[in-house]
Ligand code: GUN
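Below you'll find only one chain, the form predicted on its own, shown as structure tokens.
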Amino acid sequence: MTNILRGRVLSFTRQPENADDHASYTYIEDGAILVSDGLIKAVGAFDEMLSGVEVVDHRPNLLMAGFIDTHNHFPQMQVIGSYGAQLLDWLNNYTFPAETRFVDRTHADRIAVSYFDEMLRNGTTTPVAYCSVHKASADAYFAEAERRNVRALGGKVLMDRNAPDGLLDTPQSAYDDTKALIEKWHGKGRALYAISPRFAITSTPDQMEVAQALVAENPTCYMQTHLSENHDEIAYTMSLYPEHPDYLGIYEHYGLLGPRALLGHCIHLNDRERSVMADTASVAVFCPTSNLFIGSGLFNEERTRQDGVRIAVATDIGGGTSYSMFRTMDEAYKVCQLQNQNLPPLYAFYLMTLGNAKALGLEAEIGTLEVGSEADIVVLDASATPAMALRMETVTSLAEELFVLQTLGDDRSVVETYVVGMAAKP
């Protein structure tokens, strides 16, 4: 299928250096994106584009690369908004009971449909998900992504202690199931696998060695886990692994760090941990709605970035409270404000698109509207609600418009979501 999407075209080319860094992006007021066979073939002014091709006119809306969510939990859709607990209690009271149901493939399939509906409804075209401990949950996740032709990353969690019986594997079964899932899904179509030891609390040293072996044997896979989200979590972790210098030192010891390591939260890092993360090019994943909702703390975005650590952003459903990357970056802005730090709208939208793509090493495939990129595209309306339309009457710049989307937008602001060039918003 070949067509042209017409509208105002915005794509980032690098990280903005400040709030007014207009050289960090390309913007075309009356632009066009030529899409064919799922790829972007040309981008430019509409009046300079090929004639004789079907045009889908989205004016006056904004066309951008689809959003990327680098950390969330597919089995936690039914625990969003669970009241009144911090991390460890929240896991035991809400998350673990919900995840035990994913042994049932029928249940996993049903939730997978709802999960990808919500992702696409909110303009997210590339999610990175933790599945449950059950192999069936990962199969359900990847099968639904394949059905919709969505680029999806994920993996079954490894957990062999400190969880209910229905959520425990063993080091051997974790290895066998993960190996089988990698062989079945990784690099097949648009699927990419993430080896997923949930966190050190739920993995014995024997299982951490299994994770180490899996990472070593599968260097093109990702590794995702949690790090320094909560003070009680850190204390408990160190009581289980007292021989290591700090929380990150555990993952360091087992060879889990590197450019494909996605470490969720990273709120309470010490100087050594930030230095090691920078040296290994590991990624700190900022999950603001979750950090605030569960009361974990404030991610120090400025210090983390200045220390050379790569940063990504994510919803962290279901500790996070919204599937929307707008809502996520709205809360990220507030987290920074509380620390006298700044998160300008250009930087926020860079993080949601090209920044997250770079964190995944996928900037040649997703995250921009460059020629040759996969045609995952969102169409955005900053006047989608009466309140937004009223505010937009006074907006005079692109950055202001982006900030309206960031602070007031939600799924209603996503007019359409294109997946490899096909309209896909539910």
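Residues carry their position along the shown sequence, with the first being 1. Just so you know, these numbers come straight off a predicted model, no measurement behind them.
Below, we turn to the form predicted in complex with the ligand, even though it does not appear here.
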* From the list Phe199, Phe142, Phe299, Tyr323, which entry has a heavy atom within 4.5 Å of the ligand in the predicted complex? -> Phe199
* Structure fact -> Note: exactly one of Tyr175, Phe293, Trp185, Trp90 sits with a heavy atom within 4.5 Å of the ligand in the predicted complex, namely Trp90
* the ligand in the predicted complex: contacting segment from 69-77, 208-216, 110-118, 163-171, heavy atom within 4.5 Å -> 69-77
* Run the contact test on His226, Glu229 and Asp316 with a 4.5 Å heavy atom cut-off to the ligand in the predicted complex and return yes or no. => yes
* Asked: Quick one: is Thr237 in contact with the ligand in the predicted complex, heavy atoms, 4.5 Å cut-off?
  -> no
* Heavy atom to heavy atom, is Lys156 within 4.5 Å of the ligand in the predicted complex? -> no
* Asked: Is Thr95 a contact residue for the ligand in the predicted complex, using a 4.5 Å heavy atom cut-off?
  -> yes
* Asked: What residues in 251-286 sit within 4.5 Å of the ligand in the predicted complex, counting heavy atoms only?
  -> His265
